[in-house]
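The form predicted on its own is given below as one chain in structure tokens.
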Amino acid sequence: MMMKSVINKSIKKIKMKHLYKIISCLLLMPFIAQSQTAIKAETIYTISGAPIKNGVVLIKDGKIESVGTAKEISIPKNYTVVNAKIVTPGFVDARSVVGLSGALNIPTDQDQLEKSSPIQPELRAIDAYNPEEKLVAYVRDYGVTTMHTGHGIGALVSGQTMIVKTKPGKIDAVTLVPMEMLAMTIGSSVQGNFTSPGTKAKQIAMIRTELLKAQGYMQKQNDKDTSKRPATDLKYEALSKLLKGEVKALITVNSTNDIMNAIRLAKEFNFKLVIDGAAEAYKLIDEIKSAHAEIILHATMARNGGDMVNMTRESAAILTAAGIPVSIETGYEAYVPKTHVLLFEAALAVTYGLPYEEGLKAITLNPAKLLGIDKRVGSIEKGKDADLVLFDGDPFEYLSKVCKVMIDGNWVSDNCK
């Protein structure tokens, strides 16, 4: 009898275990269903093709399953349907310091610029980025789903940059590329932060000196006799990546003289050049094309002053008309709330002559291509990450609102900002 009782109890435990599994699966079903979403919109700007009127986007498991007209796409019964006026891809901020520079504007949340030395390529952005910084949520609410962020302007080489998703989560979960570029600056802002260099000529001489040392370091590291190889040097390891073409130089320059200095450096050391800021790039169309340099353009509402005294709000339109792809950035804002709003910057560029869809492209597909992540983000296409922004009206109309933001198939903002 005792043995029979033990057996019966064991059977009951097994049954209960299976019952718990069944109940757990039933409880999870609504959440699984929510990951399968259908978005219906009056207009879908895919960016990679013509706008789709009366369109549908199907999302499954964090990816775009399909996109097309309502006549072409049948919505499965188990998909949650969401309606919107306008749908665009998630915005890609081509250059930011958000996550290193915080909203409080106090020393403890300003990690974008280390002033102990003018050349520090070994500083990793991933070590300073704070995914819980409130500015990350702030820009996310305005449609920014991917950021190229990192060390800021004001040093000859201020450090490294990285690419992140703006979704909530730990650093490893939100990081797409831990080291994307080396952030550099040539111009008066450097002179204001360090006693040396004190002149433009000294700035270029110091950069060239370190790049020549990096070349020597690379040669010694390749010596067949391992005993002759130098100890690992973090500074020259980072500069070696630049010289090998593994990362690009993101050089903040604005005046014609400084832009030409950056172009000469890139030619001398054969590295990939991204011109950041580029306030007077409209004066150097041919030179920029000849150098095969890429452009990340200053925020349209940047202030005319210092090295940017000759900037024009028509730059995006001028460069685009000349055949130079433009990526608009938020950059660095010295005043609270410490960042520009990317959507507003693109809207103003459109106001100053940039064609409408090029304005959207300048904050989606163009920066995605420049950053080498266009297979994942930047447009609404089958197989890409489900990063989407839903509007209740024209995205570039001031009274329109960002009503929902999706990253990797999950809603991360739902407040009609």
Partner chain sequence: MRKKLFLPIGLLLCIIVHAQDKPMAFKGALIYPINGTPIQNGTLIVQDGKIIAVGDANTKIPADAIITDAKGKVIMPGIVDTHSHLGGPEGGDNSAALNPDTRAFDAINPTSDGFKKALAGGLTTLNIMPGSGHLMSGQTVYVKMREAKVMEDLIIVNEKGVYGGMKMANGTNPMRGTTGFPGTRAKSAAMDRDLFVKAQEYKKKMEKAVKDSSKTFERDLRLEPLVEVLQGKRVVHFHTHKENDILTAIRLSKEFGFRVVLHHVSEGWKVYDEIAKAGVPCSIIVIESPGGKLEAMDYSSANGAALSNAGVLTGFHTDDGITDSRLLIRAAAMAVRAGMNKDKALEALTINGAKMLDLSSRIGSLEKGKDADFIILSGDPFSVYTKVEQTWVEGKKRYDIKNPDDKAFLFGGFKVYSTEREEYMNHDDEIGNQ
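Numbering follows the first chain given and starts at 1. Quick caveat: nothing in here was measured; it's all calculated off a predicted structure.
Not on display, but discussed next: the form predicted together with the partner chain.
Stretch-level contact analysis of 86 to 94, 72 to 80, 265 to 273, 151 to 159 against the partner chain in the predicted complex, using heavy atoms and a 4.5 Å limit, identifies 151 to 159. Within 4.5 Å of some heavy atom of the partner chain in the predicted complex lies at least one heavy atom of T312.
Not displayed here, the partner chain is kept clear of Q219 by more than 4.5 Å at the level of heavy atoms in the predicted complex. In the predicted complex, the partner chain lies within 4.5 Å of some heavy atom of K134. Taking the partner from the other structure, the partner chain in the predicted complex has a heavy atom within 4.5 Å of a heavy atom of K338.
Comment: the partner chain is not present in this chain, but in the predicted complex one of L212, L234, I106, A201 has a heavy atom within 4.5 Å of it, namely I106. A heavy atom within 4.5 Å of the partner chain in the predicted complex is found for one listed residue only; from G305, P230, G323, G245, this is G305. Using a 4.5 angstroms heavy atom cutoff to the partner chain in the predicted complex, none of T43, I126 and S379 count as contacting.
Scanning 278 to 292 for heavy atoms within 4.5 Å of the partner chain in the predicted complex gives E280, Y282, K283 in sequence order.
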